[in-house]
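A single chain, nothing else alongside it, follows as structure tokens in the form predicted alone.
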Amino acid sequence: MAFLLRRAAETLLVLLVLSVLVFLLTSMAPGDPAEEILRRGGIQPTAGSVAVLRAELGLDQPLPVRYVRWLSEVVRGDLGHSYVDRSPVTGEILARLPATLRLAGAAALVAGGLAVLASLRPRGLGGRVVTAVTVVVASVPPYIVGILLISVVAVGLRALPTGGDSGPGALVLPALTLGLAGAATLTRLLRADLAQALALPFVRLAAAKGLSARRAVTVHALRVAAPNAITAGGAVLADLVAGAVVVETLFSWPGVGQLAISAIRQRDVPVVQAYVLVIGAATVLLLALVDLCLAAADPRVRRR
């Protein structure tokens, strides 16, 4: 219980610091939001109209007062309104978040599946091929991998759509682009941990007594390697969620990353602010969940 309370307090503190950083950085963005809204509404801003709108939006208040008001609204689930069409940002984020989570989940399956395949059979043909491919892919930026996949698979072979979310097939290329990069990191870590675990005396003794190689790996070695695998898996999944913005833009995937890129182009500060806050909070919560899984897998973690 003490571990849970301490970890919960640490997570809340990190989320609070994150909220301060997000608010300060987006508040220091160049340009006056009131002028931006007036121009987007087709109104030529004047000193009087800008002052009225700034008072209406609360922008004439001191920064600490604005932060407290903004944070209280965020806690209630209100992420503000878009400068472009004045629509609620919370609705926009919630409408696109499932697509991003679906992409990140599929990419995690690709990364985890390839890492396990290469780690369980490191000297087999499949393991060697997966290791070689992931190492090559890891040395190339994801958008280059995505462009190659689109050129060869979608345009050349016409086997899959080039983008959009028109069906299950549209998810394959974005998930491969995102998952292959994560697979390289997971494969290296999992292979090294499994090799060390298989060399432990009790695992070798079990194998000498007739335990099959598959049971030696699945029953003993994977259990020993689980803590590091959980840590690496959590870090890779956090990278997949945060890194989806590039892949979503490349494949016109309708997730929050594409929404953020569009908002940056239009200088829509509330949407950018909400995107950074949501992705940052998701990463913090995911890493906290990893710590809880580690504590469940290894009791020594709870005593640190």
Partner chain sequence: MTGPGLTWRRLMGGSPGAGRAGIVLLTAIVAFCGLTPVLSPHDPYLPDPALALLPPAPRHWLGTDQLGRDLLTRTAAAGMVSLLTAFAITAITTALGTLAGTVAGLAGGLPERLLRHAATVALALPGLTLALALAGVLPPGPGTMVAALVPLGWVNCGLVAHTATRRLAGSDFVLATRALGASPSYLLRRTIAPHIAGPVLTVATADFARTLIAATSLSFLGIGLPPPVTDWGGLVSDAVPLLIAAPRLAIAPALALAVTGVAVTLIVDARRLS
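Positions refer to the first chain, counted from 1. Quick caveat, the model's predicted, so the values are computed rather than measured.
This protein has a second form, the form predicted in complex with the partner chain, left out of what is shown; the following refers to that one.
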Every residue of Leu117, Leu211 and Ala216 near the partner chain in the model of the complex, heavy atom within 4.5 Å: no
field: Contact stretch among 263-271, 48-56, 35-43, 65-73 - heavy atom within 4.5 Å of the partner chain in the model of the complex
entry: 263-271
message: Using a 4.5 Å heavy atom cut-off, which residue among Ala159, Val136, Leu94, Ala207 comes into contact with the partner chain in the model of the complex?
response: Val136
field: 4.5 Å heavy atom contact, Ala295 and the partner chain in the model of the complex
entry: no
- prompt: Would Arg128 sit within 4.5 Å of the partner chain in the model of the complex, counting heavy atoms only?
  reply: yes
- prompt: So, in the model of the complex, is Thr231 in contact with the partner chain at a 4.5 angstroms heavy atom limit?
  reply: no
query: Does the partner chain get within 4.5 angstroms of any non-hydrogen atom of Leu250 in the model of the complex?
result: yes
- prompt: Along 182-206, which positions have a non-hydrogen atom within 4.5 Å of the partner chain in the model of the complex?
  reply: Arg188, Leu189, Arg191, Ala192, Ala195, Gln196
